[in-house]
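Quick heads-up: it's one chain on its own, the form predicted alone, in structure tokens.
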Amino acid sequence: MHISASLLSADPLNIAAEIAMLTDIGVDSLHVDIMDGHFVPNIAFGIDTVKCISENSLIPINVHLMVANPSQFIDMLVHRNVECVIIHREICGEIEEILKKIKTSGTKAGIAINPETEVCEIEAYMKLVDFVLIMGVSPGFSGQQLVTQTLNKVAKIKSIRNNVIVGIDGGINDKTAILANKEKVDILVAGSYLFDCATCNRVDTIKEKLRKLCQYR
């Protein structure tokens, strides 16, 4: 199982050090959210910040567009190490055209679905995507508890296209990772579980938490 660290929960004043630490301890990729304050009630990581992260990262980056109009961002996300750009099914727009634009830009294309969105609502786009991201929580804020019923979507997605990569984002910890592993999720996006450390041995604590997640590989 692939572990992707969500930088939304990282220390914003020490983001470069956080990325270096995550790389050193063996995280597989970075998950970077762009939020516009419209699609979700929060603002995070602008284009320039994502570019800086990309230029200074030694591991792949997945960019998660939680924005009302993702099309305007895609050309600006063609950076080194940006492996996949993910849009939401719930946006108002030409989803197929946007996914094709992502693919044309040279990165992989992903589609995300909120907890209340049914898998049948993305079936028409499955031929275009490399990655399906299941939101285990309502998007916009870290630290929420996993809606465990969302894990049932993994098998439904795989039944439509068994070679697509499926990830779960939100509410991942050492206990919910067990549930995700049973459903054969390919990628765990972990944020607050990794970074919330009330200890002076922060790096060792994060390393131990990552080890607990990695045991389900």
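A residue's number is simply how far along the shown sequence it sits, counting from 1. What you see is a predicted model; the values in this text were computed from it and never measured.
Keep in mind that the form predicted in complex with ligand DX5 is not shown, yet the notes after this line are about it.
Location of ligand DX5 contact in the predicted complex, chosen stretch of 68-76, 139-147, 123-131, 98-106 [non-hydrogen atom, 4.5 Å]: Of the options given, it is 139-147.
Only one of A177, A190, I187, I61 gets a heavy atom within 4.5 Å of ligand DX5 in the predicted complex. Which one? None of the other options qualify; the answer is A190.
Check each of V164, M35, V50, V27 and return the one that places a heavy atom within 4.5 angstroms of ligand DX5 in the predicted complex. Contact with ligand DX5 in the predicted complex is made by M35 alone.
Could you confirm whether C84 comes within 4.5 Å of ligand DX5 in the predicted complex, counting heavy atoms only? No - in the predicted complex, heavy atoms of C84 and ligand DX5 never come within 4.5 Å of each other.
Indicate whether ligand DX5 has at least one heavy atom within 4.5 Å of a heavy atom of I111 in the predicted complex. I111 lies outside the contact set for ligand DX5.
Considering only heavy atoms, tell me if H31 and ligand DX5 come within 4.5 Å of each other in the predicted complex. Because a heavy atom of H31 falls inside 4.5 Å of ligand DX5 in the predicted complex, the answer is yes.
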